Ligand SMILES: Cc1ncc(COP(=O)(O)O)c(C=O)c1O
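This document starts with one chain, in the form predicted alone, laid out as structure tokens.
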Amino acid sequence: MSETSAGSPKLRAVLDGIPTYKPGKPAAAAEGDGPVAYKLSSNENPYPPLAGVMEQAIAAAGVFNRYPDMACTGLMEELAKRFGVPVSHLATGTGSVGVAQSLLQATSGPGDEVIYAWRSFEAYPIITQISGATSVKVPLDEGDVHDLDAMFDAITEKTRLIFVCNPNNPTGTVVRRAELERFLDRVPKDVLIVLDEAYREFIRDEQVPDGIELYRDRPNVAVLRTFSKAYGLAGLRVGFVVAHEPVAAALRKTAVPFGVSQIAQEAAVASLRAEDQLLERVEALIAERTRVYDALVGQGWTVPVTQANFVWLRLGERTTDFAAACDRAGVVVRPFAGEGVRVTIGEVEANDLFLKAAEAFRKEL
């Protein structure tokens, strides 16, 4: 065997050093008389699928020997009706992160720059580097909110795309209407601005705009949404984008063929039609979010006001220690080493265990 044939295949150099996406750590199964472990590390909806949604998914599973509808026709029509947009302004993908990767494939490559706040969604640097583009990370301000003025100042002739995660993952903080509209109107029209609204349904701050309303008269604005969070379909991987036709058409070109399963499509349509029931569950989670936030503040923690289904504790060097303490208490949280911990709002029992662990840890500081 020659030296050449014995070697490894040549891979793209741009892949060197790409961090691996780290999913939320799963909860360990209880052993013996040990505590029940709860997973609060992935921002999942803790409630099981609604009965009608489950029935549609089961029915679709009966024909998974066939390819799904590649055009997602039924889902696209339902989304168009729900949000009052043309079907031609829609594209779907495997969760909002799948659509985000298509956005980068359509806009950015070697020599281009992608701007986003940091810390923000941890997939941004990964998918940016995969595209060959360069990340431009702009630090959050002192309140853990997007610094839009600094992000605007970071724009150069090489900038192709800007992510604005609203609410921001993992801090839960939001950008309000006046500052966001001012930013959108200042950015050059040939730069695509992506409003990542994966947690939109959990917002109760009336000063936070709906990105779909902002996109309507701004051709360089696209809005990402997902069925993984509020709609509780995380395991089915279905997300979508609302964007003007040139952008949406490009995303349909770059999407993985048949990427969204028929089970996911049918469940998403059923979820949209059962939105009233789903939003009742969202309200229950928001009530729990308020309870958890108030309890943490009462314990002495400094917690950013959150508009998502999680809370953020900035712990610095104590981050991994805090996560370990939560593990021992029976709840798995999401640590970002050296920075802080993101904790999903889950079942009441899980939230109680987390609050008990947080209180004990706070007394040690």
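The numbering used is simple: start at 1 and walk along the sequence shown. Being a predicted model, the structure only gives us computed values, none of them experimental.
Although not depicted, the form predicted in complex with the named molecule is the subject of the following passage.
Novice: Check S96, A198 and K229: does every one of them have a heavy atom within 4.5 Å of the named molecule in the model of the complex?
Specialist: Each of the three qualifies.
Novice: Could you confirm whether C72 comes within 4.5 Å of the named molecule in the model of the complex, counting heavy atoms only?
Specialist: So C72 does not count as contacting the named molecule.
Novice: Does F121 make contact with the named molecule in the model of the complex, using a 4.5 Å heavy atom cut-off?
Specialist: Answer yes; at least one heavy atom of F121 falls within 4.5 Å of the named molecule in the model of the complex.
Novice: Do R237 and the named molecule come within 4.5 Å of each other in the model of the complex, heavy atoms counted?
Specialist: Residue-level check for R237: yes, a contact with the named molecule.
Novice: So, C165 and the named molecule: in the model of the complex, are they within 4.5 Å at any heavy atom pair?
Specialist: C165: yes, in contact with the named molecule in the model of the complex.
Novice: Please tell me which of Q265, Q129, N169, T107 lies within 4.5 Å of the named molecule in the model of the complex, judged by heavy atoms.
Specialist: Only one listed residue qualifies here, and that residue is N169.
Novice: Among 78 to 86, 206 to 214, 229 to 237, 175 to 183, which stretch has residues whose heavy atoms lie within 4.5 Å of the named molecule in the model of the complex?
Specialist: Within 4.5 Å of the partner lies stretch 229 to 237.
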